[in-house]
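First, one chain by itself: the form predicted on its own, in structure tokens.
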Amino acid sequence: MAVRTVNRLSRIMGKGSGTVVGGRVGMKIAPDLVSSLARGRMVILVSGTNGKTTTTAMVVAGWGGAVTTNETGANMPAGHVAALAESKVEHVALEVDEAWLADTLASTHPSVVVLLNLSRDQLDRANEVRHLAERWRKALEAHHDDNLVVVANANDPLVVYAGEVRANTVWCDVPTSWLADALSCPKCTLAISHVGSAWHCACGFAKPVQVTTTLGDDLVIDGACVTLDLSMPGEFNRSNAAMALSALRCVDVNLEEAVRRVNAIQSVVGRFSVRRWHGHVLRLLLAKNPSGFAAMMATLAEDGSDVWVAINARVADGHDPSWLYDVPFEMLRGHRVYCFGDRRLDLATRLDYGQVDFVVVDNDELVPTSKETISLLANYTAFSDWLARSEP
């Protein structure tokens, strides 16, 4: 009751979305509140550097009916407490920050854990990705519930390193474009060899052979073949969907019905939504790190159209914007890029090095109106700013 009351007061007073502060208050009163609220419920956890929010939304939609979830992306214990306290529904799907997976695994006793990927993120405060892979591995190794199913990306060596310690791991062979953070073996540090979709190290560490899920033109899960026809763009979203549907298959959800529901999703918390702002029509795309930007830029048409990019470096984004130099902005050559946000000059400098045509926007009102839908790529707080200032 205290959690729900504080959250509602927070919303009424305009102090936030009411998804964290009540959880913090609740955990002060009862430190084991996550565990007690999750007890007796069927829980699916989703973690990884990119795609957590979208994949969790796909799990919720595919499950069908009422599902308890942290839909706003508050993915640490306080957000989990708020979500679990707000709804008593038995089925639970929680997005989990990758650094908090070990704690959440221990407190929620999930039926399924989905491991998407690991890459560099928020350099001023995030752990090195190999350290996160090691923490995942130790947490899974120490977990005593033999019924736990791990649904893991077989194409990410760091995820495989973490997930291989569980006997009950469902391996998913899904397209994974960003492997720049897993070029050397997490076991012996030698270089990993990549041939097509296969990978291996001389020490014997290699991509799992026994995969349960494969994604090509069709999606095959445990021998059952279905067609993914997503309403949202991008090969990465097809991979997210394959992982979400594999998790639902593990809890006996009808696959064909789940696919139909997932195919119908058009946006997730404003992501991929089409909005209007001062005569412009914008398609909002969230990208928060090098791998996320690479995936989003791959969805853009090669038509020379204008592209808007907004970059901030506030608390939620991470204060260090040097990650911009790891983003393959060269993919935007041929487009004219309008630079928005607190760090628009940092972005412009990076684009200049990448020989990308750009315009620094100091006054939004001077941006020429386009008749076409403009793709706007933005990191966390910049995305929130544009979502708030635009209209459906």
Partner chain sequence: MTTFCVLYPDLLGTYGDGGNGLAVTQRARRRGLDVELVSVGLNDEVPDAALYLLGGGEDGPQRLAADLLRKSSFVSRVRDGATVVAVCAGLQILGSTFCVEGDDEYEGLGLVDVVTSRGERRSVGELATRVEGQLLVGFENHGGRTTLHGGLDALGIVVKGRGNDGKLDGYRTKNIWATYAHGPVLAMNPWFCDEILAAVFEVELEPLASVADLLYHERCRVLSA
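Positions refer to the first chain, counted from 1. Keep in mind it's a predicted model, so treat the numbers as computed, not measured.
Keep in mind that the form predicted together with the partner chain is missing from the display, and what follows is about it.
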Item to check | Candidate stretches 265 to 273, 224 to 232, 107 to 115, 315 to 323, one within 4.5 Å of the partner chain in the model of the complex by heavy atom | outcome: 315 to 323
Checklist entry - Does the 4.5 Å heavy atom contact test between E330 and the partner chain in the model of the complex come out positive? => result yes
Next on the checklist: Quick check on Q355: any heavy atom within 4.5 Å of the partner chain in the model of the complex?
Outcome noted: yes
Checklist entry - Just to confirm, A167 within 4.5 Å of the partner chain in the model of the complex by heavy atoms? => result no
Checklist entry - Any of the heavy atoms of K52 lying within 4.5 Å of the partner chain in the model of the complex? => result no
Checklist entry - Of the options S305, N254, S184, S177, which one has a non-hydrogen atom that comes within 4.5 Å of the partner chain in the model of the complex? => result S184
Checklist entry - Ok, H131, H144, H278, K88: which has a heavy atom sitting within 4.5 Å of the partner chain in the model of the complex? => result H131
Checklist outcome for this item: Applying a 4.5 angstroms cut-off on non-hydrogen atoms, the residues of 338 to 363 near the partner chain in the model of the complex are D342, R343, L345, D346, A348, T349, R350, D352, Y353, G354, Q355, F358, V360
